[in-house]
Structures are given as C-alpha cells and as structure tokens.
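Below you'll find only one chain, the form predicted alone, shown as structure tokens.
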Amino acid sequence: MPRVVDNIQIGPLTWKMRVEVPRLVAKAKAGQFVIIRVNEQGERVPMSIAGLDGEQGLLTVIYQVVGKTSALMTTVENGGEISDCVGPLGLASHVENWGTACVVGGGIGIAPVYPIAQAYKEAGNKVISIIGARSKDILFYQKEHGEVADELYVCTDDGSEGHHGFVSDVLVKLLKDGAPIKMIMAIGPVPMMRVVAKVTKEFEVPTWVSLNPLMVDGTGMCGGCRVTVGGETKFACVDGPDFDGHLVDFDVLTSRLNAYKDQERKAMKKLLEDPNCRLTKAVREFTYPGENKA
C-alpha cells in the first residue's frame, strides 16, 4: 500500500499530504489527477495533483475537509499507509511557450495551478500567478508560487492579505493595462472560473479551466462527471479535466455539483454531532459559515 510520508495541516481545514508512489509520479504531468482511497471500506476520492517530486517519487495533494472522507484522511499519520492511490488520470494540461502565461487559483484551486505554473515556466514562458482566498488564514502556497512566478498577486475577499477583492479584479486590471498574456489557466470555485472566463472572453484571451464535477470511477465508465462544453457532452475524467472556459456551460456544471448538497449537509451535520470530532469548530467556521451553529 502507498506510504504517506507526511500529512500536515496547513490551514484551519486544509492539509498537505505527500504519498510515495514512484511509478505514478514517473508518468504524471501537471493538470492530471489521482483517486485516493484511505481504507478498503472508504470511498474513492479524486484529488488534483499539487506537486510532483520525481527524484523521491513523491506525489503531493492538498485537500480540504468538506465531509466524512476528507475528515478521515486527516487521521492518516506521518509514515502511515493508505489503501490505494490510482493514477495518473485525465489529460495533462496543454503546455507550450506562448511568451506570457497566467495562472489563476482560487481557494483549493491554488494547489493544482502550481505544477501548471511550473510547467509553463519550464516551457520558457513569463509566468503571472494570481491566487486568492476568502481570508489570510486559509491562503497557502504563497511561497511556492512566488518561487515560480515572475509576477505574483495575492488577493483576499476580506482584505486581510494582498489585494482587497477578487482574483478577477487583478486580472481585469492587468488586461486593461495591456499585459501581453497569451494563455490563462483558472482553477477554483465555479463562480470564480465563470467570472474569469467571462472577463477573458471580452479580451479574446484563450482561457482554460479545470472542472471537478462529481466523479465515481475516473475512467469514463460511469458517466457521472458529465459536463457540457460547446454544446457537447464531455466526461471530465477522460476528456479533461481541462476545458476551454469560453465554451463551458457553467449553469449545467453548477446544477450537477448541487445534486447531492442535501445529502452532503446531512453527512456533515452527523460529523459535527460526533463529540470526538476535533474538526467541529473549524468546519462550522470555514465550510458552512453561518450554518451548523452550536
């Protein structure tokens, strides 16, 4: 079974896990994903690749606690094992030297745009990174992005760090000021990706987004990850996860993502009622703010 080198908390509900899977890492590329199962009874959870260390054969994933399975992941100790880690899955992000490329990461999307930024840089691009979160305490990877990007912009909704506002605000200013951006990759919450795609369409800048609809097997067999792109049905697991943001039907995507919200909330409520849950306070504050109050 894959060995977990370390599993470190880096935010109120955010963990960084490094898994020793040398054969997987040798084949994996930026933009792909893996499916992790904590134990034999656990569900299979897709995770974006947040880092690849070819020398040590280590895969990095960044995850947030949003339900029972992700909460279970936090219990894996450094040096422990997980049942399995399958991948690499999906298609790698398209990379070439455009001259200047921009990555935009919001929330947990800050993680998967990092290896993409690395790939853009290695291809010879000038890289602009824009990352953002609701507040300073749930930001991460500032140092990592800063080491790759030629220009790094940090945003928070509440103004506690960097620009007071959204990542799209910074992007609009850069485009209006004439930044010669030839390619944009945006990963984050659906509303963020929708706004970024709308903005860049006006400026006629090619923009790709990474979609994470509900996924079961990750190999194109179940059809659960259907998305509509350019009026056609695509499977995010095998046709993506990257798609042209100007062609994605975000309304359909949002509808599918909301399909099991009631069940998710019930599962979360049950988790919070567990007196042994050490994550209760953080879950209430950061996952469902204003809800599940004691």
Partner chain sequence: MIEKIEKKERMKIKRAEMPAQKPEDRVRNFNEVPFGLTAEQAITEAARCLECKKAPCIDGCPVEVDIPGFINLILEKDFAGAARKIKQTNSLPAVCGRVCPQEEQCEIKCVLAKKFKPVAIGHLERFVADYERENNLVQIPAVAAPTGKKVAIVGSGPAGLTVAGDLIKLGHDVTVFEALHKPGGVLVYGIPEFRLPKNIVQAECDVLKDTGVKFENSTVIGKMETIDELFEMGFDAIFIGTGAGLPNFMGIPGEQLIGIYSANEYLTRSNLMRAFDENDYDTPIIRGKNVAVLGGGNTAMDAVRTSKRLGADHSYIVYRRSEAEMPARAEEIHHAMEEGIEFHMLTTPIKFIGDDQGRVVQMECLNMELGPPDDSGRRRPVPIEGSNFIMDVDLVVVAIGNSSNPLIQSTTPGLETNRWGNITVNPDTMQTSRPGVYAGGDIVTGGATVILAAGAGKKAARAIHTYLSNGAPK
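Residue numbers count along the first chain shown, from 1. Predicted model only: the values in this text are computed from it and were never measured.
What comes next is about the form predicted in complex with the partner chain, which does not appear here.
Using a 4.5 Å heavy atom cut-off, state whether G124 contacts the partner chain in the model of the complex. Outside the cut-off, so no.
Are any of the heavy atoms in V172 no more than 4.5 Å from a heavy atom of the partner chain in the model of the complex? Close contact is absent here: in the model of the complex, V172 is far from the partner chain, nothing within 4.5 Å, heavy atoms only.
Flag G57 as yes or no: does it have a non-hydrogen atom within 4.5 angstroms of any non-hydrogen atom of the partner chain in the model of the complex? Result no; G57 lies far from the partner chain in the model of the complex.
Is it the case that T74, even though its partner is missing from this view, gets within 4.5 Å of the partner chain in the model of the complex, heavy atoms only? Heavy-atom contact with the partner chain at 4.5 Å: absent for T74.
So which of 211-219, 130-138, 191-199, 147-155 is the stretch with heavy atoms within 4.5 Å of the partner chain in the model of the complex? Answer to the contact question: 211-219.
Assess the spot marked by G42, P88 and S255: is the partner chain within 4.5 Å of a heavy atom from every one of these residues in the model of the complex? Per the other structure, all of G42, P88 and S255 touch the partner chain.
Residues in 24-41 with any heavy atom within 4.5 Å of the partner chain in the model of the complex: Sequence-ordered list: L24, K27, Q32, R37, E40, Q41.
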